[in-house]
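Have a look below at one chain only, the form predicted alone, in structure tokens format.
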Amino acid sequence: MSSFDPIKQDRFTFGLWTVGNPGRDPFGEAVRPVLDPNHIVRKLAECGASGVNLHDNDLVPFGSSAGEQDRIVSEFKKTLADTGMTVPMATTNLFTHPVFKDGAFTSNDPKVRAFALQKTMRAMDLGAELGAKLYVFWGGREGTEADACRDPRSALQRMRDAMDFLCEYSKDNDYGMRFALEAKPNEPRSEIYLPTTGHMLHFISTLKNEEMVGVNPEVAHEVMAGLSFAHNVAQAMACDKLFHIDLNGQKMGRYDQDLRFGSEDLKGAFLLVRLLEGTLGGKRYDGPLHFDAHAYRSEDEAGVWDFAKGCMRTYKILHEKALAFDSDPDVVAIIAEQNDAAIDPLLTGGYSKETASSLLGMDIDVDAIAARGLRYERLDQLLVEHLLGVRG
């Protein structure tokens, strides 16, 4: 067994909708059969994943009777027990059914908003039954094509009302869930409300139960907006709001591709893993590492499991490379060159009259500092050489 082969302790998870994606797209029919959820769980366990996540209708088809749901869930729970797999996260599909064509929680129609709450509460019941302690909200239809249809402030208030209500529902039922909000700039709507992780973080600060609510950033969604994913994740981590994360690959400026993790922008993927694993010395993320991606349309089922293994192996390879990079003496020296043990405490210890006096009296040769090269070209080349395998 290779050191890069995934094991359950790695905390890797996939959604039923990810490996279960049949390869359908707006221009072509499915190229693979729909896979039974129990089969997916067993195959993911064989691949080394630790858990599986789901939308309500990934497991229980829309419109199923109570008896049919009980049968499906009972069989699924047995498969989880047999394989040792868990369900760390659950979510609700509030975007596929035509009733959500103008949004769910933000719809102008109060009956739609009521149905969205009803469907989410029932999905939370299902998630709790399966042991999920994280609940993700992606507002796939929470947006507009015709902006004149509503005041955006009304949409945000409706979203706020829904989150406040559902937090209380979780508390009232002792579910112990934390909520994670997922941003996306566009698609399937022309404009989606709260389009980036930064928007979500501010929105969370307006909620009644903000301590229960964090974010679930996704690589593709931030890259679609032309943003650095690692920077957005770092902001969430700095706020203690990184509750969950969606890993995949994405080409800048494209539609939401959900490619295999690391298959695009290896440098970006490396910097993300370095951040999540804390190899530079920062706090490590210890939540689920969820791959929200799917196999190429060119693949049969065997290719789906190649895709799943590839996501996990790439993460582990990049983790090893991050460890090697941050322990490379040349890297350590370049980063340490600019640190000044005498000055740093004055900048991080907060205000005092004495500190202000020290700073005002400091003789700083700005011309000498401005003339000094920082060796970042060398640092970046070292990163590239580690990624290419010629250092380490």
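What you see is a predicted model; the values in this text were computed from it and never measured. Position 1 is the first residue in the sequence shown; the rest follow in order.
Although it is not shown, the form predicted in complex with a small molecule is what the next lines describe.
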Closest heavy atom of Y175 to the small molecule in the predicted complex, within 4.5 Å or not?
no
With heavy atoms only and a cut-off of 4.5 Å, decide whether H55 touches the small molecule in the predicted complex.
yes
Flag E222 as yes or no: does it have a non-hydrogen atom within 4.5 angstroms of any non-hydrogen atom of the small molecule in the predicted complex?
no
Partner proximity in the predicted complex: Q250 to the small molecule, non-hydrogen atom cutoff 4.5 Å:
no
The small molecule isn't shown here, but in the predicted complex which of V136, A104, L318, V87 has a heavy atom within 4.5 Å of it?
V136
Name the single residue among K184, K119, R189, R158 that comes within 4.5 Å of the small molecule in the predicted complex, judging by heavy atoms.
K184
The stretch from 213-221, 77-85, 125-133, 192-200 that lies within 4.5 Å of the small molecule in the predicted complex, judged by heavy atoms, is 213-221
